[in-house]
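What follows is one chain in structure tokens, specifically the form predicted alone.
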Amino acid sequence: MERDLISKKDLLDEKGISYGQLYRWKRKQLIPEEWFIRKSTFTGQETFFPKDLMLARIDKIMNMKDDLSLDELADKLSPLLPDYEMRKIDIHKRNIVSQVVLERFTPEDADSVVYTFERLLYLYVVDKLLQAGEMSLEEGERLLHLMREHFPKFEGKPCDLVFIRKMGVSSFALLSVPAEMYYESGVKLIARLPMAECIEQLKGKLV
């Protein structure tokens, strides 16, 4: 599950913003640190960004910056939505996650049960991997347990979800970023999902 990236030069050209603006927004935490991805190229080290997320974020900043201060913008663009709630029946109606996920992972919940943003995020991540054909329902149950138990411990700090498999046996982990992981021989990396990107994608579906 490779991300579509855009280089810093292409980003500045496409959006008509300056280097100074970009890094001022970074200092003000309008753009997450982990979206600045350093990669080796034939010209040396260059900075890239997750394309869709970065273009959408800059559009938001440009549309709102005349009405709000940078500090107010930072609050608006904070990673989680602590006060957000949605009823189970509305999750289904708006197709936030698939009906399969709702039936399998929330079987006892009535339609009127309210979900916080964080709880909805867990279901969204499970659904994302299931929809990609990367994971079984049984593995989804284990992933959901991992998210519930350990994701809150990061307290809003960036982390990646890592999904690996060896000889048919799968494992999940949540990893602080930036960090590199190295695997023993025979391990296949199925997916590495930056949780910040999952959060942005979910927020986009909720708007």
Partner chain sequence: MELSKKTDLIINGVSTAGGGVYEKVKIDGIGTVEGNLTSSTLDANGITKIKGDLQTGALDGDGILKIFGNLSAGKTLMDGQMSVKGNYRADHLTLNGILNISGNCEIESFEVEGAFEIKGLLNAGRMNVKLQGRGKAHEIGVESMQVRRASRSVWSKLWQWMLPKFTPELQAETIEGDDIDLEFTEARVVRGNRIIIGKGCNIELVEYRTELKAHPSAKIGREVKVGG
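Everything numeric here is computed off the predicted structure, so don't read it as measured data. Numbering follows the first chain given and starts at 1. Here the rigid core means the biggest group of C-alpha atoms that line up within 1.5 Å when the two forms are laid on top of each other.
This protein has a second form, the form predicted together with its partner chain, left out of what is shown; the following refers to that one.
Could you tell me which one of T43, S176, S69, N63 places a heavy atom within 4.5 Å of its partner chain in the predicted bound form? Flagged contact: T43.
Would you confirm whether the three residues K9, G20 and Y23 all fall within 4.5 Å of its partner chain in the predicted bound form, going by non-hydrogen atoms? Spot residues vs its partner chain: full contact, yes.
How about S170: is it within 4.5 Å of its partner chain in the predicted bound form, going by heavy atoms? Output for S170 is no: heavy atoms all beyond 4.5 Å of its partner chain.
K28: touches its partner chain in the predicted bound form, heavy atom cutoff 4.5 angstroms: Yes, K28 lies within 4.5 Å of its partner chain in the predicted bound form.
Under a 4.5 Å heavy atom criterion, is E184 part of the interface with its partner chain in the predicted bound form? Result no; E184 lies far from its partner chain in the predicted bound form.
Against its partner chain in the predicted bound form, would R38 count as a contact residue? Criterion: heavy atoms within 4.5 Å. Yes, contact at 4.5 Å.
Name the stretch, out of 136 to 144, 44 to 52, 162 to 170, 149 to 157, where some heavy atom lies within 4.5 Å of its partner chain in the predicted bound form. Going through the listed ranges, the match is 44 to 52.
Any chance the CA of K39 moves 2 angstroms or more between the shown form and the other one, core superposed? Yes; that C-alpha moves by at least 2 Å between the shown form and the other one.
I want to check F48: does it shift between the shown form and the other one by 2 Å or more at the Cα, with the core superposed? Result for F48: yes, a 2 Å-plus shift.
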